[in-house]
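Below you'll find only one chain, the form predicted on its own, shown as structure tokens.
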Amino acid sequence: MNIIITIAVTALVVLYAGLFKAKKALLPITLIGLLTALGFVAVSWNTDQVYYGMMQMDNFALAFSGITILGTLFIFLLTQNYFAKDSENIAEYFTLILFALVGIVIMVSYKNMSMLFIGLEIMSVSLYILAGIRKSNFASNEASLKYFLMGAFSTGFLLFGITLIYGATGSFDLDAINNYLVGNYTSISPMFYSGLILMMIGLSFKIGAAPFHFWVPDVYEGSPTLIMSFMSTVVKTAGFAAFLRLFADTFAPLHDFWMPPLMVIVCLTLLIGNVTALFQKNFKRMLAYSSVSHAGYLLFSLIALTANSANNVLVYAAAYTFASIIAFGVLIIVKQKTGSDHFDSFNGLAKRNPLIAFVLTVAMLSLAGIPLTAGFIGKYLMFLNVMQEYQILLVAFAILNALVGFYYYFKVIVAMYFKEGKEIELETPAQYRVVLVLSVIITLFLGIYPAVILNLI
């Protein structure tokens, strides 16, 4: 609970600092607040506290809270030189991201389905505003409207599913629902099955899994790059943690029922995400479809439920988060200088700025799943998890899709090292260098020593 209170208080302090035009104090206050929240994560480890039967701060919740808070901290460091000097809504950016993070922490620690809904809405409302915060930008307005409409639609599915499950069990509590499934396995109400499928659809919308992904490319492309980086890393990680807590634990007794439709979602997500990304000429849009494909790999943890499912998702989420933060950080730098996020804007980047080219190469290799990077370990664990259930055809299908991913990730590397570009000097601000270098170190360290976080949960 201290984690949520700390982040919420930080958001309010930042908002008041903005009212008094103290722009220089915004980032230090935010970083202090997030570091304090990380401290509470460390102090609370192994305590497994339950608050009023509504939230459970176990190691699962703390591990995912830690990754989301650290990812948010890195994204805040990318705000250096991001806003125009005369921009008046910097405090609003910071405050809304922090409030979204409050919802995210609730999402990864809920013990009652009403808290899942509350956390999801706190996060979503903040993101609706952030997507369209550039009022004069038509693409940003369009992204906000599409995200709001699709978000409301998916929330309807989720809420109706929760209602049906409550009707069948008489409780929102996850333990009570699980006890109902175990005790009434042969006489489960048909309402429960309908509610479960509706909740699967609603959560699939939130994480951008196909065929419920159609809002992702337009919303990600139209949103400010900084917000897109937050949505595709921290928000996606929270969505998977919420998905995992519900289906891998509470709904586990009905695994044979919900696994086949989930497998269809996984196959569609991998195929649509990778094949569509293959034809993109815009780096930002490619990353959007890439995030769809990674949703498919993360869902592997639910195809075959094992004792290591949560740990595998944690490793993959960490690998994806830090590699994506590198990609978005470099994209911000390149777009500020060239005015474009087309692949051609990366031509000759290795000559103009070797550091940026190197870190982006590591990020692309990790996203592609090349050995010695965290991305390889993440994919290996997911494939190994499914192979234990002898889902050989699914693994073969996923490997073919991963090979397709090699092509569009390597397009960026080829552009940087083997194509001639405009002679434009790219300066890397100090805070960007810190984020990029630390993210590369984490990506390589987890690729070589994955045991550091492999058995945390």
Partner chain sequence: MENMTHQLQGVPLNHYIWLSAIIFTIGVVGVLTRRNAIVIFMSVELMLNAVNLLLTAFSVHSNDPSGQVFVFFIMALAAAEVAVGLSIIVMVYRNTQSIDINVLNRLKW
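Residue numbers count along the first chain shown, from 1. Since we're looking at a predicted model, the values are computed, not measured.
Keep in mind that the form predicted in complex with the partner chain is not shown, yet the notes after this line are about it.
Contact annotation for K146: at least one heavy atom lies within 4.5 Å of the partner chain in the model of the complex. Under a 4.5 angstroms non-hydrogen atom cutoff, the partner chain in the model of the complex has M191 among its neighbouring residues.
Looking at T163, you'd find a heavy atom of it within 4.5 angstroms of the partner chain in the model of the complex. In the model of the complex, the partner chain sits within 4.5 Å of a heavy atom of V125. Of the candidates G296, G103, G202, G132, G132 is the one whose heavy atoms come within 4.5 Å of the partner chain in the model of the complex; the others do not. Note on the partner interface in the model of the complex: the residue among W258, F343, F157, Y82 having a heavy atom within 4.5 angstroms of the partner chain is F157.
Only one of 250-258, 330-338, 233-241, 114-122 lies within 4.5 Å of the partner chain in the model of the complex by heavy atoms, and it is 114-122. Along 370-387, a non-hydrogen atom within 4.5 Å of the partner chain in the model of the complex is carried by no residue at all.
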